[in-house]
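We give structure tokens for two forms of one protein chain below, kept apart as structure 1 and structure 2.
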Structure 1
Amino acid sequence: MAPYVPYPPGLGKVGYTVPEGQEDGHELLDPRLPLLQRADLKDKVVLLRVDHNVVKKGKIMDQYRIEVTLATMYNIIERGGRPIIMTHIGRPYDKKTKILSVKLEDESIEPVVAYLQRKLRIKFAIPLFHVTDNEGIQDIDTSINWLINDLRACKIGGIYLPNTRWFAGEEDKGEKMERFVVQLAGVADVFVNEAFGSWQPHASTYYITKYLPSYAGLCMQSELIHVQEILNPKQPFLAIVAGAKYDTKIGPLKAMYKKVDKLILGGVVYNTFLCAKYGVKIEGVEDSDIALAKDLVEQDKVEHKIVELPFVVESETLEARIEGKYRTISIKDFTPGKEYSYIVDVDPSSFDEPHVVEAIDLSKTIFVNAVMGLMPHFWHGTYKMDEMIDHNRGAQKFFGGGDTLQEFKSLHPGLYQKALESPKYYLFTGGGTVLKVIEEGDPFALPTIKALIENGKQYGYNPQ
């Protein structure tokens, strides 16, 4: 029997026993990266960092990022490990006010735990720690020791820590972080990182590796394998990227532009490009971003990679889709100095234009990190885009990002389910991380992955 490994490139399930002699994709992993399959887990408490950031207003929006971690949980338990799980949810810390808010109704891990208990029929315990007003949780106190005793005695199936971003030390860089990391390390014997979508160097994703033997989980390995299909795509390569602010996408867009054959933009990113190219003013687009976008406009005058979507939807309000207050306009009518209200979607008819159809249909690799419209009121452009992408049955299609996957599932539940099983689709748990990898040009340059490799050196990891 071959070892339990992540599925090979192209398959849509996490957890797959590879027959002898069959390719498993591991040649695409840096051999210095410590793998979960080679960790000694028997009778060890395993601190597992996942990306279960799927809760909004107290409800799970999409279970996918939970489901893809189940294989790693099973692997840990089946091999004698006892799991303590942790994830972040939302953004409890307000950088402007410096207030860390613990909102039980909006950003608790309780819905995730309830889902896991229904799914796995395993009891998870959630420790209760003291919360300081406006400063979150200061410490993992010793009360957790009683739960760890029950965990080791198999009286409970696992422990799920509160939202990591409720802890004052999670995003701190000083004393609070150091104290939190030491306390985290004190509850476990081994650390496993399964959170591909959380590449930023925080306490629970990066600094913890300085204190415990650390390994990449099965989902993490699969993401690293598949992201290299985007770094080395089959040509022609089409990328579809959207975003709420242009300046956050500058680095990834520059790197993406070099790699793609065609690029489709959406959201405020597209609005900013239109302002920079045609000299118009669109409500909600900042002048500073327009100035930044002019470099891309000048570059595209030479290389002609950006596929313009010719019809967009203008709305007088962002609050709702109100009859008489929105309309379809054509970018052919843009003239310098003209001002428009909010552009909130791409009209579906844009995807029927011959140059757009050709760009999608001829592509061999398609990467989507985009919602075209302002959800939930303006969804029609995204709906048509997903249909057109699926119409290309020969391309390898990659979707990534929480909002991208959530809207894909919401708008096309049948197609979404098909994508989960299709070798022609792969759904990344972190679209922003994929963009970061493209910007860096190397998935093993991510801070969290470099930390695992450095940990392997520290603890004498042997890949054999």
Structure 2
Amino acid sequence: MAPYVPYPPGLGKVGYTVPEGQEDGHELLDPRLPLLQRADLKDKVVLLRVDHNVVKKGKIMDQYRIEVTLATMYNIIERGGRPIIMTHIGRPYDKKTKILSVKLEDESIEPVVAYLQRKLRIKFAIPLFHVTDNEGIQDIDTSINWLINDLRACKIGGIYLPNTRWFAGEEDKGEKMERFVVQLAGVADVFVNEAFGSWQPHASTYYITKYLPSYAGLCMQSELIHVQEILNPKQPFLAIVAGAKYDTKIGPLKAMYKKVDKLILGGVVYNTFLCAKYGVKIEGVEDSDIALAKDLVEQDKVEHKIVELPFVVESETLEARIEGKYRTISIKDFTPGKEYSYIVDVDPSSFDEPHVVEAIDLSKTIFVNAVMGLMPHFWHGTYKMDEMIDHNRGAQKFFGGGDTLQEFKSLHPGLYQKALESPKYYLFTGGGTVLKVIEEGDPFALPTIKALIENGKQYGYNPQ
């Protein structure tokens, strides 16, 4: 049977809940993208990939990325679908050592499930699978069928799979991935991707679309619409990129460089840039990463878009902020070969420098994927940055990224609440994904979105 619901005569095209023409920005969606609203969900088991990557050391840091998926969950259940939900938490697979560490206490989905149960007052079951040391979970075993029977019989409200990155097949490209993805497809009838933040082509975000009729969820649609405001920004356009995920961000950052009028860097990204530009050595920054930043340095010698933050904080330890063991240093003192301990933050005074104030104040669009310092101890640079950005009342401000939103919320709760309501702010669930969209030049060219469009072709999705 066709996996799509025909548009009922007299109702809007995607008229299940909101009449045609009234969906915000709907015309900005690629018409080939299969939408959740068009999926036939009645009595179907729906495999829902979300980005609930909100747990650190066993605790939920910020519920935002859970909250924004509730509409899709409601939509699925209300239309007769039975949900199996899955997300990744953290990065359990170490690409360098090739070890997959299952940290049961730290990176389990249990806190998310507890939150959902409290919030929705429905029961979720978490299946238990065998874990192999250093290699994670090899298989979804058939014991899950008991839970699926309960799910179909409405004895439970949903199933929540363990952290997708605990499965050996999730990030694999070969046989393990094939096995995992076929097992995943075997438990459901339909796949819905709601995980804008998870653009990396893994089994649960990408390869799964080869096997099940697949659709974009409601939050995914909203993010794909709003990210187009960054693709076509009002100028001057300032991007502030910091944080820790250097390996997946350095490529897209180079594309971002071409798009912006000004770029401010912080975190590990800035440390690496400083090593590449000034020839200094900073503890924890690897030579292979510095090599990747060299192009950016060369490009900036010509275009001068990077607004350097002149004062940074050096610390002898990453564990804590210990009096006498950290200090503010000036990049003016950098000379080739000089060695520094960890650089863990930008000093807030950097944001008082006239060239930095000017770059922020004159911008009409500001994109922020930035935690400036190592949390939780070195928050001062991020605190000041958020204040300075808000000071520019006229600019359209886009914050994106799990940690970026979480720190914004915890450092400035009032401002964060204001941002949730203000038309001058938009909060994206993924920061790296926005960078990736800029690199691709098109949100519908993200690997995960291309896969949904391909799937629509395969199953004969017809937007008319």
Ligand SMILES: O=C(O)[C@H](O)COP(=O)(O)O
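Here the rigid core means the biggest group of C-alpha atoms that line up within 1.5 Å when the two forms are laid on top of each other. Reference numbering: structure 1, starting with residue 1. Since this is a predicted model, take the numbers as computed values, not measurements.
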| item | value |
| --- | --- |
| Selected structure - criterion: the form predicted in complex with the named molecule | 2 |
| Per-residue C-alpha change between structure 1 and structure 2, Asn392, threshold 2 Å, rigid core fit | yes |
| Met220 C-alpha moves between structure 1 and structure 2 by 2 Å or more, core aligned | no |
| Threshold 2 Å Cα movement between structure 1 and structure 2 for Leu274, core superposed | yes |
| Displacement in Å of the C-alpha of Ala244 between structure 1 and structure 2, rigid core kept as reference | 4.2 |
